[in-house]
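There is one chain below, alone, in structure tokens, taken in the form predicted on its own.
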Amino acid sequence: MSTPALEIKQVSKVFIKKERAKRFLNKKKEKVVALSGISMSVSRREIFGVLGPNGSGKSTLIRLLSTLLLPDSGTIHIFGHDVEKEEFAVKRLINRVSVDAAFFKKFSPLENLAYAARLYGMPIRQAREKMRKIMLRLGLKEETFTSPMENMSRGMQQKVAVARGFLTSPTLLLLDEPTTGLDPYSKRDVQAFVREIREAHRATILLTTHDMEEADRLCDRIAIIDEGKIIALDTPQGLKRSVSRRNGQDATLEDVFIELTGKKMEEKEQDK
């Protein structure tokens, strides 16, 4: 049996939030449980979705997988490498696309991507050809390649973020709400490219999203997380079968989400 792409065992993460009491002016420490003993395994070449309301712990999970945070307890292995003990080996295997991606705003898309290529040790000639192909595939016009990022729309900047994530052909690609801010046509471009990356490079994809249709369309399996715990894990079809039909119609992923969490995606405070 091959080693899973991702294996998470009993992982917990707690943050300490400091508050100053109004009356006594003494500092109180409040514990915020972001993740509570979660376990899951993702197979190689799987597109695995993580759904949850804001505040559920999705972003904390992505940061742990990206080695930006360390778990308080439990273990995370990426292709057999421990994220704590083998951080550099893990970093060579992953890349992340985030909704809050940062850029050098005075630089052009080509300059930003070239900088990323150098960080990963890619030959610059090879990288230039690849970055052009990726940006064209994502619907960016060639005349924008050399314009400053600060002159681009939020949606266009997000496409550059997606291009940067795909540039290094990562073995595990972490997509943290990658299509937020994109119009429906651009969303379809990104979704189609995600499938192509999986097939062409045998990549494993972990996707967080608020878009239920996107999750249904892309994901082989989905975990629903709420208040730091996984409350359901199955294929999209299996999750929908677990919920009764509505008004004679088959249940949607949104129906599943609302029934299992008792709330809509936007009803909680900002994600942890």
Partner chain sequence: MKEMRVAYAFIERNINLIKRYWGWEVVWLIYSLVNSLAVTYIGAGMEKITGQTLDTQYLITYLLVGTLIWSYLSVIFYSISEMIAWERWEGTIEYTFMAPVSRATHLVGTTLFAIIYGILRTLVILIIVASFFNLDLAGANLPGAVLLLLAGSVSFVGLGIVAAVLPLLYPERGAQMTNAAAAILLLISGVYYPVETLPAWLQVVSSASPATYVIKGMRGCLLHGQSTRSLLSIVFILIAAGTAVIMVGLFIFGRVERYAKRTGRLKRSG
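Quantities reported herein were computed from a predicted structural model and do not represent experimental measurements. Positions refer to the first chain, counted from 1.
Below, we turn to the form predicted together with the partner chain, even though it does not appear here.
Asker: Spot the stretch among 196-204, 116-124, 135-143, 182-190 with residues whose non-hydrogen atoms come within 4.5 Å of the partner chain in the model of the complex.
Answerer: Going by heavy atoms within 4.5 Å, the stretch is 116-124.
Asker: Among R63, L70 and E84, does every residue place a heavy atom within 4.5 Å of the partner chain in the model of the complex?
Answerer: So, yes: the whole triplet contacts the partner chain.
Asker: Just checking whether K91 would be counted as a contact of the partner chain in the model of the complex - the rule being heavy atoms within 4.5 angstroms.
Answerer: Yes, K91 is a contact residue.
Asker: When the contact criterion is heavy atoms within 4.5 Å, does R96 count as touching the partner chain in the model of the complex?
Answerer: Answer yes; at least one heavy atom of R96 falls within 4.5 Å of the partner chain in the model of the complex.
Asker: Mark F103 yes when one of its heavy atoms lies within 4.5 Å of a heavy atom of the partner chain in the model of the complex, and no otherwise.
Answerer: Flag for F103 set to yes.
Asker: Does the partner chain come within 4.5 Å of any heavy atom of S59 in the model of the complex?
Answerer: Close contact exists here: in the model of the complex, S59 approaches the partner chain to within 4.5 Å, heavy atoms only.
Asker: Could you list the residues in 151-169 that come within 4.5 Å of the partner chain in the model of the complex, counting only heavy atoms and keeping sequence order?
Answerer: Heavy-atom contacts within 4.5 Å come from R164 alone.
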